[in-house]
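First, one chain by itself in structure tokens, the form predicted alone.
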């Protein structure tokens, strides 16, 4: 991975944290659909991986109630600060935030589900996925969504996707199938195209029995 590209993407998240909600407002309907697909219930524990400013936290908390727990993970201090302010403003005392790169995060729970919402770089990192999946229950549900390349003939859409995602994506490797590594961790993964083929929504679950059992 190009270290200058990595630094540039991280700087974009840090620099634009205060404007992130507004800049990504058009994606909010997909955030709602992503969380809506997650089959969790009251009392469950959910990981919000790459939680950013916490735009999914309230929706997740609505699903798992005050008896459940949401753990958000993000490596941007500015993003985590805004997520913490959001949680404090709403008195979400069952929301825990972890400021760390996902592969290094000390995750304090074993969760029933995990959400990856607009987290392309995390989904391309095997160490990050290994850490997350090491803190999930057998049978835990996984939902992931984000941008992807549209069919090649949709040239204008792909130019638009490049301009929208380039400031925040460290590498476009795997952008044709961002869920490719999830296939190794998740059972019965289903993937739907959204946003005219410029996005996806994937759902599956952790195997209930170890592969080598």
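Numbering follows the first chain given and starts at 1. Small disclaimer: the values here were computed from a predicted structure and weren't measured.
The same protein has a further form, the form predicted in complex with a small molecule, not shown here; the description that follows concerns it.
Every residue in the set 52, 76 and 117 has a non-hydrogen atom no more than 4.5 Å from the small molecule in the predicted complex. Remark: residue 148 does not count among the residues lining the small molecule in the predicted complex, judged by a heavy atom distance of 4.5 Å or less. Residue contact with the small molecule in the predicted complex: residue 47 places no heavy atom within 4.5 Å of it. At a distance threshold of 4.5 angstroms between non-hydrogen atoms, residue 31 is in contact with the small molecule in the predicted complex. At a distance threshold of 4.5 angstroms between non-hydrogen atoms, residue 56 is in contact with the small molecule in the predicted complex. This chain is displayed without the small molecule, yet in the predicted complex the stretch 168 to 176 from 38 to 46, 168 to 176, 150 to 158, 62 to 70 comes within 4.5 Å of it by heavy atoms. Taking 122, 143, 140, 95 one by one, only a single residue has any non-hydrogen atom within 4.5 Å of the small molecule in the predicted complex, and it is 122.
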